[in-house]
Every structure is written in structure tokens, then in C-alpha cells.
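As C-alpha cells, one chain now follows by itself in the form predicted on its own.
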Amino acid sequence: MKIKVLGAILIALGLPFSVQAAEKPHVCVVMKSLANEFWRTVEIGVRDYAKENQDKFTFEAVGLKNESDIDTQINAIEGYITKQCDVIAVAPANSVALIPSIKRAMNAGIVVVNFDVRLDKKAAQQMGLPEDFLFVGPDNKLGAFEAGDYLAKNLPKNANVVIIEGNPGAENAIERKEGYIKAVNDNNLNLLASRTAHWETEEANTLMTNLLTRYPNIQGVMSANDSMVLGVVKAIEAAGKTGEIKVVGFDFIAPVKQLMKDGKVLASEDFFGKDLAVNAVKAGMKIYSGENLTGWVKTPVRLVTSKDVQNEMPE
């Protein structure tokens, strides 16, 4: 970390040093797909925060074209190492593939904060990351369970449900599936299928269309994110089953909020996207300034139901 090295040299020479007088740190953020409404919200939040704090740090960020564009994230981190960024906050599209680049960044003296999607713990330790490597993000399993449990409470006993999964290689997708499975088991629901649509709207639309053909008796859908909810609802509408199938999701993006107002989506788990990368940047700056942050910095989740949305005061 350049500022700390500079400070140590000045102090060793008996010269005055202050963080404020030193070069502003450069903060770099690696996000996921900006084709996803949720990640556009994340980007707006962190860019606004960076603008408000431009006297404290310089800033740049990169997002992906789609959720499987892992190479862009790897190239971004490698480029930030070359640029000698001081803090890198990264939301990995894959929980294993980015670990080598993250390790190289740390070896270069860069503060790295993992946010949104937790790195695979076993793979991270095998590749030399500390056991308590910092993660900033929500309890995805808890959030998914809350949404799935609410769905179950609004369905008949032993109702037929499906799960639409996120990227199989992403830890948050795995955790959300686990939360939904817990809701299925705790409420004795009948799980017809659990399939991935890789976080993508159109893929979810095609998947749900095929599932409705194979299982015309579906009564409930648990989606791992709200971008996929948009595709699911579109398929339900095309099948003429609007109102017959209840849907829950995760992200609480604006288009799904409108679908909730219209009674087409039952609930969504909000994990406050506008603050997501901001929280990671704040944590990174604390470490850069000398604080010791490790383990899990939990960010909030909150179930928002269609009743909540419909009872809101008019804007």
C-alpha cells in the first residue's frame, strides 16, 4: 500500500507525515453484469458515493456484459494490479476462477475486498488466501429462506414448486438454492425441478416455458434473482396462467416492484443494492487506513411482499 510505505519512510527519517497530505488512494471496483437491473443500481450507488468523496479517493469501476463473462473480471483485476490500485472491491461472477488474480493483487500490496458473492472457502485457502479473508455481503441463505417460506405460507399444502437457480459456480447462487430447499423441506412442498437460468432474463423465460410444458401443474416459483423473475412472469403470462402461479424472487429491482404492485409477483428479498458496493469500498478504505477487518461483514436483507408495496403511500 503506497500510502503506508510512504508514511513509514517519512517517519523513519523523522519527518512529519499525515494521511491527508499523502496521495489520495485509488479505489477500483469490479462488478457483475450491467445488463442486470440490480447491478445498474449497484453501479449508480457506488459512483454517487465516489463523487461525494472525491476529495478522499480517486475511483474507477468495470462491469460485465453478461453474468458469465468471467474473463472480463480477471482482465480487470490484472489491469488494476498493473495500474497499482490501492483498493480493489470485487464481486466475483465465479467463486473460484478469480482467486488467482485476487491473490496476485494481494501479493502486490493491494487491499482486496470480496463482496456480494463469497469466494469458495476451500479453494481460497488452497490458493493461499487467509481463512478469515474479508467478505462483505448479505446472508443469501437466510434471505432465500424468508422468500421461500413466505411463498409456502401462501400456497396449499404439498403445493408443486420449481426453483430457478443462478450461476452454478457462484457461491450466492448455491446459498440461495440452499435457502429455497430449506423452505421446501420445512413446509413439505413438492419440488418438481430445480434448474439454472444463469441469472439471465431471456434464459429464464425459455426455461420457465419448458417447465410449464413439462409440469403444467406448477403452483409456485422460487427465483434466485429478479432478472430471472422477469422472464418467469413473461412465460407465465404467455401460458395464460397469470394469477395461478405465485412467484418470489431476490433483489427487489424496480421492474419487479411494479409487478408486485400488479399482483404478478408475491414477494422479493431486498438486499439494498445501492449500498452493496459502497459498503465494500468503505471496508476497503478502513483496511487501507490501518484497521484490521476480517471475516464476514454482514449487510442487511429484508423481505418485501406485494402487500407491502401495494400499501405504500403514493409517491
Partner chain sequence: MNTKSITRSLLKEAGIGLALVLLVVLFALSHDKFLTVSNISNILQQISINTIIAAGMTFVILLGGIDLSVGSVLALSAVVGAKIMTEFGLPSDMAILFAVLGSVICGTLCGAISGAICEKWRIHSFIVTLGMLNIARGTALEVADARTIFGFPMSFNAFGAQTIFHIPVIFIVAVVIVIIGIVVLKKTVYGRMIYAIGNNEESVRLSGHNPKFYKIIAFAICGGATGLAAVMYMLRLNIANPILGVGFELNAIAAVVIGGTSLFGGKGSMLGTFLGACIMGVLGNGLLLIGLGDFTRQIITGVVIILAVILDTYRSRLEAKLTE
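Positions refer to the first chain, counted from 1. Fair warning: this is a prediction, and the values are worked out from it, not measured in the lab. Superpose the two forms; the largest set of C-alphas matching within 1.5 Å is the rigid core.
We do not show the form predicted together with the partner chain, though everything after this point is about it.
- Only one of 136, 111, 230, 93 lies close to the partner chain in the predicted complex, with a heavy atom inside 4.5 Å, and it is 230.
- Checked against the partner chain in the predicted complex, the candidates 219, 101, 187, 201 yield a single residue with a heavy atom inside 4.5 Å, and that residue is 201.
- Note on the interface: of 23-31, 253-261, 46-54, 281-289, the segment with non-hydrogen atoms within 4.5 angstroms of the partner chain in the predicted complex is 253-261.
- In the predicted complex, no residue of the candidate spot (69, 125 and 273) has a heavy atom lying within 4.5 Å of the partner chain.
- Though the partner is left out of this view, residue 141 does not reach within 4.5 Å of the partner chain in the predicted complex, counting heavy atoms only.
- In the predicted complex, the partner chain stays beyond 4.5 Å of every heavy atom belonging to residue 158.
- Residue contact check for residue 182: none of its heavy atoms lie within 4.5 Å of the partner chain in the predicted complex.
- The closest non-hydrogen atom of residue 118 lies beyond 4.5 Å of the partner chain in the predicted complex.
- Within 4.5 angstroms of the partner chain in the predicted complex, the stretch 199-214 places a non-hydrogen atom from each of 200, 201, 202, 205, 206, 207, 209, 210, 211, 213, 214, taken in sequence order.
- Residue displacement note: residue 204 has its CA displaced by at least 2 Å between the shown form and the other one (rigid core superposed).
- The Cα position of residue 114 differs by less than 2 Å between the shown form and the other one after fitting on the rigid core.
- Core-superposed comparison between the shown form and the other one: the Cα of residue 181 travels less than 2 Å.
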